[in-house]
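What follows is one chain in structure tokens, specifically the form predicted on its own.
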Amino acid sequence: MKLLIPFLRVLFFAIIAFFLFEVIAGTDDQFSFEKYPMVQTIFWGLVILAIFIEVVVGALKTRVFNSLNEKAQERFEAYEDDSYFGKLYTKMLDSKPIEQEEEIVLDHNYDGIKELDNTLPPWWVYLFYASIFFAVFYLAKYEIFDGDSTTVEYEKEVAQAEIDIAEWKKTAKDLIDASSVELLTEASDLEAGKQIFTTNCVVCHKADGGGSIGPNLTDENWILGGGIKNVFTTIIEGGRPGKGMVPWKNDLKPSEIAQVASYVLGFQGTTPAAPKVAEGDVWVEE
């Protein structure tokens, strides 16, 4: 049994399965293999199953073939050769069968070893033609039409990736830091900030922000600076070393710290019931 025939069947099945997955789940800018890792698992599982079936079927065919008489074996081989993959196999090789090798024997004889004048297999010839076409295309692109070198292409892709990452970070709430945080004004964010403040901050700053152990949040004075960026940093890193507020970076997500910082700034200009004496310096935003 020719080993290439089952290989061709498995390859044909793999190509069909790949294109089916792409038609069903793929998109214009992303392969289904990249978009859904489970697709890879299913695909390779099917390929392994196809190989297993070919091995089992091949073993059964071999047992059946060995149990046949000579004429039946000839008919069996003729049937295999006459199948679609059998014809494809023969066409790809384009070689004379053993029975007709006498027609292409050359006059060279080396200690009884004779040489056949077989033509090159079509698959090899087509691959050679393809390599020539690729070489001409490659030469024209990079030498005649001044295409970008691999270094330039890499630098362009890195620059584009940096732009894409920067855009992604704008909407990735938990990747914000003191340099990118902005004052939140949505009611949902401020309500979430109020819940965080009520749970964690009231004990030191009071519910109205007037201050008790912690400073008054309603006046214009700030110990470590006002504004969303400074307040965000203070909540993350904590107050002054050795005293003041503990850092909250291990307890709250960056998005939650942005919410509570925005809520805290909402105390500015309000009148608490029993305000604590102002601490720090008057802060004016640049």
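For every residue, the number given is its place in the sequence shown, counted from 1. No experiment lies behind these values; they were computed from the predicted model shown.
The discussion below concerns the form predicted together with heme C (HEC), not included here.
Undergrad: So in the predicted complex, does Trp248 come within 4.5 Å of heme C (HEC), heavy atom to heavy atom?
TA: Contact check for Trp248: yes, within 4.5 Å of heme C (HEC) in the predicted complex.
Undergrad: In the predicted complex, does Ile228 come within 4.5 Å of heme C (HEC), counting heavy atoms only?
TA: Looking in the predicted complex, residue contacts with heme C (HEC) do not include Ile228, since no heavy atom lies within 4.5 Å.
Undergrad: Is there any non-hydrogen atom of Gly209 lying within 4.5 Å of heme C (HEC) in the predicted complex?
TA: It does not: once heme C (HEC) is placed as it appears in the predicted complex, Gly209 has no heavy atom within 4.5 Å of it.
Undergrad: With a cut-off of 4.5 Å between heavy atoms, is Arg63 one of the residues that contacts heme C (HEC) in the predicted complex?
TA: Output for Arg63 is no: heavy atoms all beyond 4.5 Å of heme C (HEC).
Undergrad: Answer yes or no: in the predicted complex, does heme C (HEC) come within 4.5 Å of a heavy atom in every one of Pro6, Gln40 and Val47?
TA: The answer is no; none of Pro6, Gln40 and Val47 reaches heme C (HEC).
Undergrad: Which residue among Ile213, Val125, Val105, Met92 has a heavy atom within 4.5 angstroms of heme C (HEC) in the predicted complex?
TA: By the 4.5 Å criterion, the partner-contacting residue is Ile213.
Undergrad: Just to be sure I understand the contacts: of Leu116, Leu183, Ala72, Val203, which is the one whose heavy atoms reach within 4.5 angstroms of heme C (HEC) in the predicted complex?
TA: Exactly one residue meets the criterion: Val203.
Undergrad: Determine which one of 195 to 203, 159 to 167, 144 to 152, 175 to 183 lies within 4.5 Å of heme C (HEC) in the predicted complex, judging by heavy atom distances; exactly one does.
TA: Of the options given, it is 195 to 203.
Undergrad: Under the 4.5 Å heavy atom criterion, name the residues of 224 to 238 that approach heme C (HEC) in the predicted complex, in sequence order.
TA: If the 4.5 Å heavy-atom criterion is applied to heme C (HEC) in the predicted complex, 224 to 238 yields Leu224, Gly225, Val231, Thr234, Ile235.
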